[in-house]
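Look below for two forms of one protein chain, each set out as structure tokens: first structure 1, then structure 2.
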Structure 1
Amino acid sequence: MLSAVLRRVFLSLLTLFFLAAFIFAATEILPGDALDVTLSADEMAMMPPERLAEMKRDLGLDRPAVERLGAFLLGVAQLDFGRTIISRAPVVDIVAYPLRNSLLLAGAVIVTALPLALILGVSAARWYRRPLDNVVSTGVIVGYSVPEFVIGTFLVMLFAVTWPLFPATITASTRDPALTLLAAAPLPVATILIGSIAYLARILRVGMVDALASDFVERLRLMGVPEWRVLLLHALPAAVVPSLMATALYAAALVSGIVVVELVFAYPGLGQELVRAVTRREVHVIQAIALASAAIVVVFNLLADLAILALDPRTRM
């Protein structure tokens, strides 16, 4: 059991290591180096070659790619992502609070989405292909078909313009206390919630339909065991196991959704920071944000793996 846990933790760390290397390669090795990426073609042409060489030397970009990759990985291991190329501000300072704010949003979404998705998924599966299931299944398709930015702007129109219950954009600033931010964020949370519930309910419904069609459920029903016990104590844990396999996909989709929604509502999180960094071509900030979001997904996945270990004794070998 312990070795199974340790093995998964080790694999997660290994995954993060490779991801960091990939992120560096995609931004600083394949297309050139940090400076090539930061400066536009025009700016490059304008700059005298000596000045460019000097800048590269200052930034350590004259070293071979492997050496730069090593330095990057070493920095990442110490949570040091370097400084921005132009303003020389430490990247960690830029990213830390937005990361916290985005995690707050993610936490709020998950805490609300999980119970609702459980109820919807389980009851749809219980009444498989009956009217309730048809409504839920159709709603689920609509839920994940409508883009987050459409849902978001729609909610703004309804609850900020037509009935001004909430502000259209978030007024809280980056370093406000967590509770202030959360209190300001019901519309962003609601926006992501719709897609999240749709996604989770669909996965749970499929898992639950399979579980309810299994031989052990039939045996329990043939033995007259009360239906609520069959559903909640036997079928549900069995349905959750395959659902957990899709955690990485869900977490990745959640992060993408958060990025978009933050822009709709001007919420001071990673998404805002990402778009700003991309437009200003701040390579190191983009790297940090990419790695942070990858880390979120990897951690979610690790938690899911551990949950599977807890739920399914067959995996504890």
Structure 2
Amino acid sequence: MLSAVLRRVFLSLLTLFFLAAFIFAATEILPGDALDVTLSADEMAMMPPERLAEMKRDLGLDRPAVERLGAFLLGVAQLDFGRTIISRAPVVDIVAYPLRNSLLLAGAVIVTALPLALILGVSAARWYRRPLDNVVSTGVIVGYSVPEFVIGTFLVMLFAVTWPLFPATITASTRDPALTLLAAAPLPVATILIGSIAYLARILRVGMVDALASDFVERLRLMGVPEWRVLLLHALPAAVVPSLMATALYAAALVSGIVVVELVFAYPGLGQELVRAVTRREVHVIQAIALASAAIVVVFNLLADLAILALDPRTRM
């Protein structure tokens, strides 16, 4: 068990290393640099070449790519992503609060979606191919198929325009307390929640249907085990194990994949900060956000692996 855990931790760290190198290379191939955005075309034309070279040297833009890659990896190991090119502010300070806000939004969705998806998935599997299952399956397909920006627009029209119960955009600022931010974000949470419940309920329903059709469940029923014990104590753990990886990856993707929702509702998360950084060509901020998103996916994947190791002894080999 310990060797399997250590092996997965090592592979996760190795994955993060290669991801960091890939993110650096991906941002390096972008055309131009920060000076192209900071300075206008007239300023670039009027500026002496010596002054332009001096500015590039001060910003570290004249160093070879390999040297900058080594400095980037060393900084990542120390959780130091440098400073922004334009304002010279620490990148960690720029990214910290948007990352917290995106984690808050994703956490609120996950905490709400998991129990609801559990109830829907188990209920649909229990009454497989019956009216309840048909209703749940249809709702799940519709909820998962409709794009989030369509759901968000519909909720704004319904609950911010027709019935003005909630604000159409976020009124809280980036550095507000967590509870203040969540209290101002019921519509973004609801927008992501619909698709999340649909996705998770669909995965759990498939696992529960397979578990309830297995031989060991049939033997339990023949032995007279109560149905609720069969469902909750035997079939559900068997259904959860194959669903853990997909659920963990989906939860991680919520943090880095809700850019559209954040932009629709002006939510101060990583999505807005990433768009702002791309517009300003702030390479260090882009790298920090991309690596933070990748690290979240790797960590969730590792947690799912460890949970599967704990629940299924066969995987320890």
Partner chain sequence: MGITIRRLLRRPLTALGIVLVLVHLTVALIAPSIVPFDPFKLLDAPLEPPGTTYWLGTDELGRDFLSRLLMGGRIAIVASLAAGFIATLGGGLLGLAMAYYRGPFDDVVSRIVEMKLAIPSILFVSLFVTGFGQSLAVLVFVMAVIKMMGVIRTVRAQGIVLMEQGYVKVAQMRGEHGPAIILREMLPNVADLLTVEFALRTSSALLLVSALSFLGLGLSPPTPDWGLMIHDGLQSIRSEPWLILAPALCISTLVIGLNFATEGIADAVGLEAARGVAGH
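By rigid core we mean the largest C-alpha set that fits within 1.5 Å across both forms. Structure 1's sequence is the ruler for residue numbers, which start at 1. Please read these numbers as outputs of a predicted model, since none were measured by experiment.
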- Query: Which of these two, 1 or 2, is the form predicted together with its partner chain?
  - Reply: 1
- Query: Would you say S243 moves its Cα by 2 Å or more between the two structures, aligning on the core?
  - Reply: no
- Distance the CA of R7 travels between the two structures [rigid core superposed, Å]: 2.4
